[in-house]
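There is one chain below, alone, in C-alpha cells, taken in the form predicted alone.
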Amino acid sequence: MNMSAASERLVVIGGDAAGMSAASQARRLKGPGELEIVAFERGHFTSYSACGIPYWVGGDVEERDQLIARTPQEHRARDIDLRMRTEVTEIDVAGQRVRARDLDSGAESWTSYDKLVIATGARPIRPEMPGADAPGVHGVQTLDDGQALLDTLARTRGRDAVVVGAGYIGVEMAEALINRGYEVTVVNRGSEPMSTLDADMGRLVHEAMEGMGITMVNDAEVTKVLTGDDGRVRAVATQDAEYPADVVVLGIGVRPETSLAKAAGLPVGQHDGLLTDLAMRVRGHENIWAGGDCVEVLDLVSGQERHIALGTHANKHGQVIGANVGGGYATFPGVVGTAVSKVCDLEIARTGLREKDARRAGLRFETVTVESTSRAGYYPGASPMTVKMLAERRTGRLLGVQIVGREGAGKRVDIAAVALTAGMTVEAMTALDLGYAPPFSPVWDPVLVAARKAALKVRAS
C-alpha cells in the first residue's frame, strides 16, 4: 500500500497498553489513506499484561504468550507500521519529528509527525546502593524482566528469596516465589505492608502473610546487596541485619518514564508525570497526546493530581487518545483510585482516600471499621472480612473504602468505587439495592454495614 498518499502521520512512542490502544482506535476511525501510523517499541513485545507477570512467574499462568493481547504481526496486519526494538531518543517539538535508534543495528533516523502520542510507561525504582545491579537482582516491569527472572529461578540451586518492598508488586511476587517453593523474606521500609492502605488495615495483611510462611521485616531499608565470589547476589543487608538471598526481586514501585518528554520541554507535575487535559492532550500542545503510566491523572475525590500505574487506566487513555486523534471526541474525567490485589488466598482492595490523603486534601472526616463475612454466616465457606470506610464530616460524602479478607472480599470494593464516582453519601449508600442470597452475602452486605455505621457517626458529629 502506498503510504505516501496519507494526508497525516501519527507517531506513537511506546507499544504497550496506552500506545497501541490509541493506534488501534485511530486506525478504526481513519484508514491508511487518511492517516499513516508509525509506532516505536524498544522491547520485544507489544500489548501485553504487565499485571499478569507475577502470576506467570508463580505458575498460575503457564505460558508467557497468554499475557499478550496482540502481537506485532497483528498490529502490522491492521496497517500500523510498528517498529520493534527501536527506541526513541529525542523529541523535536518545534520540528515535529522524533529521533529513533534501532537497538540491534545501532542505526539512527528521524521520523516526522503531524500528531504524536507519548506512551512511554513507567520505570521500576531501583535503589542506588552497592550491588543493586548484581546478577540475581530483578525488577518485574516488562515481559523481558519476567523472562529474565524465570531464567534466574531455573538456574538457581538455593531456595532463599528476598522481596524488597511490600506494595502490590511486592506482595504478588512474594506469593509467586512461595508458589515456586522458595523461603521468602519481604523487606519493607514502611511500618506495615501495602502502604496504599492505612496502617491498621496493612497490619491485617502483615499477619496474614506471616501466617502463610512469609517473613515480614518492616521499618527496614535495604542498604546494599551482598555478592559472592561469582559476583551473584548472596544476601541483602539492612542497617541491622543480613538476609540470605539466592534471588532478589525489587517491588519498590515505579516512576513515570518521562525523561524523553522533559528533555523536550513538555510539562510534568509534582509526581514527574506528564500533564494533560481531559482529552489526554499534553497541556499547551495541540498535536501531542500522552497516556498510560507516564501521565498524572485527576483524583475525583481529592481534586488533586496523582500518578497511578494501572493497565485499566492505560487502556482507557488509549481509547480516548485514539478517538481524538482519529477525528472523534472523548475525554478521561479522572479516577477514584481503585485497586485490588491478593497474596495467596488473602484479598486486598482499596478505593478513594486513605486517612493521610484526606488530611492532605484538607478534609475533615470520620472513620469506621467493621468485621463481617463474605456470605451468610451459616452458609458453608463464609469467611471473615474487614471493611474500613471514611466519610466526610457533616456532609457524609463517601471518601474511601479499604477491604481485607478472603474469597469474595476484593471485588466488593467496586460497590464503593461506583458510589465514589457518583459522589454518594454514606447515608444514600445504605439504601443501595445490592444482590443478596446466602451463598453470596449476608442480608446486610459488609460494605453497607460499614456505610450504616459511618452514617450514624456522621450524624453524631
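Note that this is a predicted model, so its numbers are computed, not measured. When you see a residue number, it is the position in the sequence shown, counting from 1.
Note that the form predicted together with a further copy of the same chain isn't included here; everything after this is about it.
Check: Counting only heavy atoms and a 4.5 Å cutoff, which of 111-119, 159-167, 283-291, 316-324 contacts a further copy of the same chain in the predicted complex?
Finding: Correct option: 316-324.
Scan G52, G43, P32, G58 and let me know which has any heavy atom within 4.5 Å of a further copy of the same chain in the predicted complex.
Filtering the options by heavy-atom distance leaves G52.
Could you work out which of A199, L363, L266, V340 is the residue within 4.5 angstroms of a further copy of the same chain in the predicted complex, going by heavy atoms? By the 4.5 Å heavy-atom cutoff, the listed residue in contact is V340.
So in the predicted complex, does any heavy atom of R393 sit within 4.5 Å of a further copy of the same chain?
-> Taking the distances in the predicted complex, the answer for R393 is no, it never comes within 4.5 Å of a further copy of the same chain.
According to a 4.5 angstroms non-hydrogen atom cut-off, is T425 in contact with a further copy of the same chain in the predicted complex?
-> No, no contact at 4.5 Å.
Is R412 close enough to touch a further copy of the same chain in the predicted complex, meaning at least one heavy atom pair within 4.5 Å? Answer yes; at least one heavy atom of R412 falls within 4.5 Å of a further copy of the same chain in the predicted complex.
T312 within 4.5 Å of a further copy of the same chain in the predicted complex, heavy atoms
T312: contacts a further copy of the same chain in the predicted complex.
Full three-residue contact with a further copy of the same chain in the predicted complex, heavy atom 4.5 Å, for P333, Y379 and V443
So, yes: the whole triplet contacts a further copy of the same chain.
| Contacts with a further copy of the same chain in the predicted complex, stretch 432-452 (heavy atom within 4.5 Å) | Going through 432-452 in order - heavy atoms within 4.5 Å of a further copy of the same chain in the predicted complex - the hits are L432, D433, L434, G435, Y436, A437, P438, P439, F440, S441, V443, W444, D445, L448, R452.
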